[in-house]
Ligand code: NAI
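Take a look at this one chain, the form predicted on its own, written out in structure tokens.
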């Protein structure tokens, strides 16, 4: 079964680009958000991303118009998911909010509609445990910026039906992304857990006074050949998101190495959330946006 109509719930950085990536490959997408201004920002940002491709000659004006037209902004959830064969949740990383949304989706969609979460820190078991038809739930985790990054992690729960896993893999491949399927679900999935281990050590080195964020980022870039160091990557992901994930991990493990760093807490408390606010560990302007 190929996906013919998709609904993406949440028009933030991830949701908006997920919708646009899908639309680039001929699939109609409803992009849903309760806030009209957020939808407008999402469409404006996506237009800028695609215009760069036109300017570079990698996309024609006709392709540009078609891709934008396939994304339909909507405020009403029930209308948006009507007829959808796949719904992707890309809202805030809060378990209660995700569970509430999945309960709504369970009531609003048919039993064959695949329900996917883009969570970066939770499991499908945690999110979908509250719904009746759990077998159609799965994690389909994209990476930021979606319009650039190839990897999509697919993590089924123990109760996810095998055909749903197959459909998720086929869908990811159909939108020109590379799926990696987990054998067992785990919080944080694969890449983020590895990144978190690097970030945890990097934060500890700064907290203990061994080096500055700038020095550590440069060492990681030059020594490990990573495109971004852990602090620049944290800014890119959003320091509020990084802090929430670290707080959740610390609550679960109680390990002092997982305790959120004071500097990270101070930055978030001061509204310095990284690239999206213009300042975090570094200062930014619009010209540093990497999505193309």
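Think of the rigid core as the biggest set of C-alphas that the two forms share within 1.5 Å after superposition. Positions refer to the first chain, counted from 1. Because the structure is a prediction, the values reported are computed rather than measured.
Just so you know, the form predicted together with the ligand exists too; it's not on screen, but the next bit is about it.
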| query | finding |
| --- | --- |
| Residue 35, heavy atom within 4.5 angstroms of the ligand in the predicted bound form | yes |
| Heavy atom of residue 19 within 4.5 Å of the ligand in the predicted bound form | no |
| 4.5 Å heavy atom contact, residue 141 and the ligand in the predicted bound form | yes |
| The ligand contact at residue 216 in the predicted bound form, heavy atom, 4.5 Å | no |
| Residue among 90, 124, 114, 152 with a heavy atom within 4.5 Å of the ligand in the predicted bound form | 90 |
| Contacting member of 167, 134, 98, 199, with respect to the ligand in the predicted bound form [4.5 Å, heavy atom] | 98 |
| Answer range among 176 to 184, 199 to 207, 79 to 87, 116 to 124 for contact with the ligand, defined in the predicted bound form as heavy atoms within 4.5 Å | 116 to 124 |
| Rigid core superposition, residue 25 Cα moves 2 angstroms or more between the shown form and the other one | no |
| Large Cα shift (2 Å or above) at residue 241 between the shown form and the other one, core-fitted | yes |
